[in-house]
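Below you will find one chain, with nothing else, as C-alpha cells; this is the form predicted alone, and questions on how it binds or moves follow later.
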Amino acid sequence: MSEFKVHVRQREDDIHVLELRGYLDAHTTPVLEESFQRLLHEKKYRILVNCRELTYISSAGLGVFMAFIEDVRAGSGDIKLSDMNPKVFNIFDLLGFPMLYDIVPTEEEAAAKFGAR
C-alpha cells in the first residue's frame, strides 16, 4: 500500500492547514476523510490544503474534496488549495476543480483568499 499522511496545523489567522504528503488514492482516502471530519466536528470551516508534498491524487482522492465542500461552505467557510506540482494540478484541472475551488501557487495566497477575520 502506498504511503499517505496528513499533518494538520492551525495558523495564527485561524485557518487550519492540511499538509498532504504522498499518494492519495482509494486505499488512502480514509486518512484525509478523517482529517476533514475532525475539523468539521470542531466547527473549523476555514480549511487550506497545502499540496506541496502530494505526489499523486486519484479520482477517489478528488471525491473526498467533493464530499466535504458543501458542509464546509454551509458553515460559512471554504476549502482553498495551494502549492500543487504540475502533475497534481493537471488532474484537478482536467476535472474542472479550478471552477469550484481557489487553487493558487502558495499557502500565503490561499490564506489571503479567505480575507480578514
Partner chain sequence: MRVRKVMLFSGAVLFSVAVFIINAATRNIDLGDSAVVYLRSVFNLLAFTLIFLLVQIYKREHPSAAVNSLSRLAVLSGIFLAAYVIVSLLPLRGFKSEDMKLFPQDYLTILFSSVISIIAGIYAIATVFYLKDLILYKRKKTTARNFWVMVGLFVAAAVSTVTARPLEETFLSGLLSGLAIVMIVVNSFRLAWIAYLPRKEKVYALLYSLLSFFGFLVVLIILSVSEGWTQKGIHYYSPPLFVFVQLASTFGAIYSGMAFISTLFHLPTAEAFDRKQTEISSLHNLSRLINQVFDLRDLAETATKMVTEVTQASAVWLEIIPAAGSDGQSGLLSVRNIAEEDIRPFMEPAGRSLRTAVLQSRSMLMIDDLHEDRRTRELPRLRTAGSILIIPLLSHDKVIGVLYATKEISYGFDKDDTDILTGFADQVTVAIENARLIERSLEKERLQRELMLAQEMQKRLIPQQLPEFPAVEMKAVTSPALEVGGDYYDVTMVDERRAALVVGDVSGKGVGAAFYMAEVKGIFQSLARIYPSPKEFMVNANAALLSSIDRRSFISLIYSTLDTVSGEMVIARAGHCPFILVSGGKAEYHRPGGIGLGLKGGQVFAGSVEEKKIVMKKGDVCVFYTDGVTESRSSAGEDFGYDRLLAVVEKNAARSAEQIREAIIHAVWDYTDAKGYHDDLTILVVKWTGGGRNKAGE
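Numbering follows the first chain given and starts at 1. Note that the coordinates shown come from a computational prediction; the quantities given were computed from them, not determined experimentally.
Separately, the form predicted together with its partner chain exists; it is not shown, and the next lines address it.
Proximity of residue 93 to its partner chain in the predicted bound form: non-hydrogen atoms within 4.5 Å are present.
Not displayed here, its partner chain is kept clear of residue 53 by more than 4.5 Å at the level of heavy atoms in the predicted bound form. Using a 4.5 Å cutoff between non-hydrogen atoms, residue 70 counts as a contact of its partner chain in the predicted bound form. With a 4.5 Å cutoff on heavy atoms, residue 66 counts as touching its partner chain in the predicted bound form. Screening 39, 79, 88, 62 for any heavy atom within 4.5 Å of its partner chain in the predicted bound form leaves a single hit, 62. Applying a 4.5 Å heavy atom cutoff to its partner chain in the predicted bound form picks out 23, 33 from 19 to 42, in order along the sequence.
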